[in-house]
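First, one chain by itself: the form predicted alone, in structure tokens.
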């Protein structure tokens, strides 16, 4: 069972979200990927307005319209527009088909404006996914590092939060989150560097590591290779490739009556 945590419809061929999604599923099928999580529409915008957030969420809703048996949607929110984001959460998750929250680069995860979003997500058992990166050239003004996710998680004990990309520079990222049992490492994006998954399993435990690709920005094959080629047990590999994500998602899936 392979469930891919991290997918976008941006960057795919096609004139409509439906065609973008058809291409994404076609590529996933080549690699035997059973389910994918999709978030953010197109184009990527660092500081989207409320109107742009809604338009991108509508694109994802349309992309998912014919693929509920294969894909899950996360609502794209911005703490820069907190009141709007809470209403958008209600529209897309509480009263809609989406099952998670995607936070990107508009505001660092350590900012207090994220607290109401985390509380809303927790009230529905929605998955929380926060992009992080640690760039040697310097992050974008609102771009989070794993330490920002650690600060957020410390304010919300017991709430699962996924640290997107594990900061890119994964050795630093793993160390930043390892003391927080409810923070999970996403291995998506970046080069398929040897040792990433092994260190994550050693420092965090296999139950806190999740496979994702960041497709189409990264190919499924290279990102699967991080897990498939890792020197870990087969039981740990199964956890990372899908069992951990399924376990995290089951409360909201059951709440919404979504069968898997």
Partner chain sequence: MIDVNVSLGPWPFRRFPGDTPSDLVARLKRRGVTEAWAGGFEGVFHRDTSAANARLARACETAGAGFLLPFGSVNPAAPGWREDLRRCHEVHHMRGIRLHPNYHGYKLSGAAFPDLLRAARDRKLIVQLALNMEDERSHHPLMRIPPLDPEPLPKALAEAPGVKLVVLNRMRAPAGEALAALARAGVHFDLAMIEGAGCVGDLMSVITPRRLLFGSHSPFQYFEAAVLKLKESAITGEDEAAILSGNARRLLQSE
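Worth saying up front: this structure is predicted, and the values here are computed from it rather than measured. Residue numbers count along the first chain shown, from 1.
The protein also exists as the form predicted together with its partner chain; that form is not presented, and the subsequent description refers to it.
- Contact check for residue 135: a non-hydrogen atom falls within 4.5 Å of its partner chain in the predicted bound form.
- Remark: residue 194 counts among the residues lining its partner chain in the predicted bound form, judged by a heavy atom distance of 4.5 Å or less.
- When contacts are judged by a 4.5 Å heavy atom cut-off, residue 27 counts as touching its partner chain in the predicted bound form.
- Remark: residue 182 does not count among the residues lining its partner chain in the predicted bound form, judged by a heavy atom distance of 4.5 Å or less.
- Only one of 95-103, 79-87, 126-134, 151-159 places residue heavy atoms within 4.5 angstroms of its partner chain in the predicted bound form, namely 126-134.
- Residue 198 is the only one of 47, 58, 34, 198 with a heavy atom lying within 4.5 Å of its partner chain in the predicted bound form.
- The partner is not shown here, but in the predicted bound form the stretch 231-260 reaches within 4.5 angstroms of its partner chain through a heavy atom at 231 alone.
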